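Next up is one chain by itself, shown in structure tokens, the form predicted alone.
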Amino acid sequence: MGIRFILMVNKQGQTRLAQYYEWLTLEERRALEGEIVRKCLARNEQQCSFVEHRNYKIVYRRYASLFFLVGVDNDENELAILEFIHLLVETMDRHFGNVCELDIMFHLEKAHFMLEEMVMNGCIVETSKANILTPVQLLEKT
């Protein structure tokens, strides 16, 4: 298993989307999110986008007002995860038209649906934007 969790967080540190691929209690999730968000948001743009925390490697990237944080196993390829984050943002951009925090807040189910099309049980299973967005577009027609 590669990806353990995906978080989308705004600049104030508020979690807008959280998807976990391993079981953690609500208290553990809350504590983990708080620690990781504080650690990542405190870093400046000159520092690299990889942080080790507990038994995870955190790969993050900022797009506009949103931080995309992905927790992975220590043996996972950081650059591949950065590419995955970019693909996720491009896919959401294609659907929402320049995705922003409000798009995630008001269309949370669509954001989760896109993630579920891309990642299954912590493994990336789909990288085609067209294949990811087709089911979402079909849902909108009904």
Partner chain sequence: MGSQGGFYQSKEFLDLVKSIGEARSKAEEDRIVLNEIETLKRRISEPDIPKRKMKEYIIRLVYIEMLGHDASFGYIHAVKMTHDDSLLVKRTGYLAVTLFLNEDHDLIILIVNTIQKDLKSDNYLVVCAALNAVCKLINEETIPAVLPQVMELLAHPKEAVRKKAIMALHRFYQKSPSSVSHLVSNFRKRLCDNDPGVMGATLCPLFELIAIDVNSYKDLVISFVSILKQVAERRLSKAYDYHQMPAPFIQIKLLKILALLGSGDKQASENMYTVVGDIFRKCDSSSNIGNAVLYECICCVSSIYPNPKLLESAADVISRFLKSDSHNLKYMGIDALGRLIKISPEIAEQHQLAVIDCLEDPDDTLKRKTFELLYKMTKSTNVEVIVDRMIDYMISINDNHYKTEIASRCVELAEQFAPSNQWFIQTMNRVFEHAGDLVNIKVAHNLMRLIAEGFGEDDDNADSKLRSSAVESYLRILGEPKLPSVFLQVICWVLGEYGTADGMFSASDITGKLCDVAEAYSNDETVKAYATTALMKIYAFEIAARRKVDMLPECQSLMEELLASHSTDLQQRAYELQAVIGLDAHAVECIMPSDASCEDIEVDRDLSFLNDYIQEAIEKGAQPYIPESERSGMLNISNFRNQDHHEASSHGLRFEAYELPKPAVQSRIPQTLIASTEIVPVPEPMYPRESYQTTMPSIPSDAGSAELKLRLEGVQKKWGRPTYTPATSTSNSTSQKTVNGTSQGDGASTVSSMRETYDSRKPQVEVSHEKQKLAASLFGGSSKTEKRPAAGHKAAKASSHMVEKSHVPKSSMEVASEKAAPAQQPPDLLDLGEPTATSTALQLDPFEQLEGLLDTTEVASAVNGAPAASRSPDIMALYADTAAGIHNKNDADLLSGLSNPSVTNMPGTTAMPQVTQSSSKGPNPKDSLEKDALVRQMGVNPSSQNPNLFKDLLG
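Residue numbers count along the first chain shown, from 1. Here the structure is a predicted model, which means the values were calculated and not measured.
A second form of this protein, the form predicted in complex with its partner chain, is not displayed here; the remarks below concern that form.
S.K.: Should residue 32 be classed as touching its partner chain in the predicted complex when contacts are defined as heavy atoms within 4.5 Å?
M.R.: Although its partner chain is absent here, residue 32 would stay clear of it in the predicted complex, with no heavy atoms inside 4.5 Å.
S.K.: Considering non-hydrogen atoms and a 4.5 Å limit, does its partner chain approach residue 36 in the predicted complex?
M.R.: No - in the predicted complex, heavy atoms of residue 36 and its partner chain never come within 4.5 Å of each other.
S.K.: Test of understanding: in the predicted complex, would residue 28 fall inside 4.5 Å of its partner chain by heavy atoms?
M.R.: Close contact is absent here: in the predicted complex, residue 28 is far from its partner chain, nothing within 4.5 Å, heavy atoms only.
S.K.: At the 4.5 Å heavy atom threshold, is residue 66 in contact with its partner chain in the predicted complex?
M.R.: Contact with its partner chain, yes.
S.K.: Within 4.5 Å of its partner chain in the predicted complex, counting any non-hydrogen atom, which residues from 11-34 show up?
M.R.: Read in sequence order, the residues that approach its partner chain (within 4.5 Å, in the predicted complex) are 11, 12, 13, 14, 15, 16, 17, 18, 19, 20, 21, 23, 26, 29, 30, 33.
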